[in-house]
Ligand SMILES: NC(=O)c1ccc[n+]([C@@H]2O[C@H](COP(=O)([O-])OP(=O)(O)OC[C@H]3O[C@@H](n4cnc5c(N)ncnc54)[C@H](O)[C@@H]3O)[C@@H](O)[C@H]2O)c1
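Single chain ahead, by itself, as structure tokens, in the form predicted alone.
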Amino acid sequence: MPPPPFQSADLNDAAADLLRKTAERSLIVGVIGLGYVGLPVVVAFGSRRVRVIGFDVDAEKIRQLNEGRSYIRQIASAVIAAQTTDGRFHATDDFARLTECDAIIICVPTPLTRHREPDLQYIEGTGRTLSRHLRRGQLVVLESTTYPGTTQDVLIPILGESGLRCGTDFWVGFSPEREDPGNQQYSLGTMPKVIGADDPIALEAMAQLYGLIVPRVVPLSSSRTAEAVKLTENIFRSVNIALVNELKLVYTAMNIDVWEVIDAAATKPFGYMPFYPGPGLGGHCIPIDPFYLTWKAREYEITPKFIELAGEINTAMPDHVVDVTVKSLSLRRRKGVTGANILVVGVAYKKNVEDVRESPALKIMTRLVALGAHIAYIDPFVPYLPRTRSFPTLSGLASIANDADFSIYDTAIICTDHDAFDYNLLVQTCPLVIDTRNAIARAGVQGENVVKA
């Protein structure tokens, strides 16, 4: 249950002023981190005529946004231009302007270290920057996915270095982001928003804040509970994807099409939810978030074997795709992988988006290069590969043209099933196609040269 409702007698002047500004929509919202999570937050508040200041350390992002240009495909430049033109939104790298904001929403990355442990450097760095500019009457909300206890045990003590007191001078809570890039059905403004805080005034301020942009606010008893909600949502997906990935291996050995099985099982109107196998997990959430909980669980001398096993299965899928490719080249093309020309079709982590974070395609490409293959890729959403921490050798590699000749490749591996691809042309012209997404069958295309992986 949420904390008991606050009493009017509990309000000091700073709290009363914060709640008044939120109720009147006269507040200024600051958003730290203008990526796939932060920019939709900016747009949501701007669309409700709330003034927003966006903060980022990337000067190029700031320049583009202030020129009215969006770098995220799902957000139209016209929307950004409208909000910058009338003064509703301005982007800056001047963090001293945080003092102008009444509510500050933190949307920074929470990656893993090389040892698969939580890397909170961005939360901690943001907290220290914010502590230098914190003032009375501000609400701070963390949206970055993290382990239970981060808000209370990490962020609040750092903000306390300002000399101000949490719960008296400023208020802090957690609200997990639920962004799903490329999802045309659900967006920030159409979904319920979970909020959690450890005192009633913070929870009320958050409820009023997010009530401006979402259809329903779901208040929880604590920030720790809200942090656990996001992990639970993504662990649910991770475990179920691992299950169907394992079923794929079993059914393939039995000469059974796992996609046909899943589609048939999905006709049951209760007790079943379809998940689909693939070449591995990608994106900023599902490959990472389960490890935040397994790491924290060790503090309580608990080993969540089920979650860790799912992570192992999903992490192994790129190697499975490489194995299928090597075997198929040998059996179908009488060719070894060394010196083979291989085309990777789609490098984004999911269809119809431009995001390559944690994409299994990058892992597959790196492994094939290590085996001596010559690698190229095609992706209309990713004209060239950005520099990544895990795959620096792929940085700068450019996509081949959409009208390129597929026949020059020994095999093509479909890693991302973008709708824009001409799968019929691919099957007709490329001698061997490895399909990790069942894209060929779903496109209604048939070919003896198609191998499902």
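Predicted model only: the values in this text are computed from it and were never measured. Quick note: we count residues from 1 along the sequence shown, nothing fancier.
Keep in mind that the form predicted together with the ligand is not shown, yet the notes after this line are about it.
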Point to revise | Among 383-391, 407-415, 34-42, 423-431, the region lying within 4.5 Å of the ligand in the predicted bound form by heavy atom distance | key: 34-42
Review point. Does the 4.5 Å heavy atom contact test between residue 137 and the ligand in the predicted bound form come out positive?
Key: no
Point to revise | Contact label in the predicted bound form: residue 109 to the ligand, heavy atom within 4.5 Å | key: yes
Check your understanding: Does at least one non-hydrogen atom of residue 61 fall within 4.5 angstroms of the ligand in the predicted bound form?
Key -> yes
Check your understanding: Looking in the predicted bound form, any heavy atom of residue 275 within 4.5 Å of the ligand?
Key -> no
**Study point:** Selected contact from 285, 342, 347, 322, since only one has a non-hydrogen atom within 4.5 angstroms of the ligand in the predicted bound form
**Key:** 285
Practice item. Would you kindly say which of 151, 238, 145, 83 lies with a heavy atom within 4.5 Å of the ligand in the predicted bound form? Key: 145
Point to revise | Any residue of 351-384 that, in the predicted bound form, places a heavy atom within 4.5 Å of the ligand | key: 357
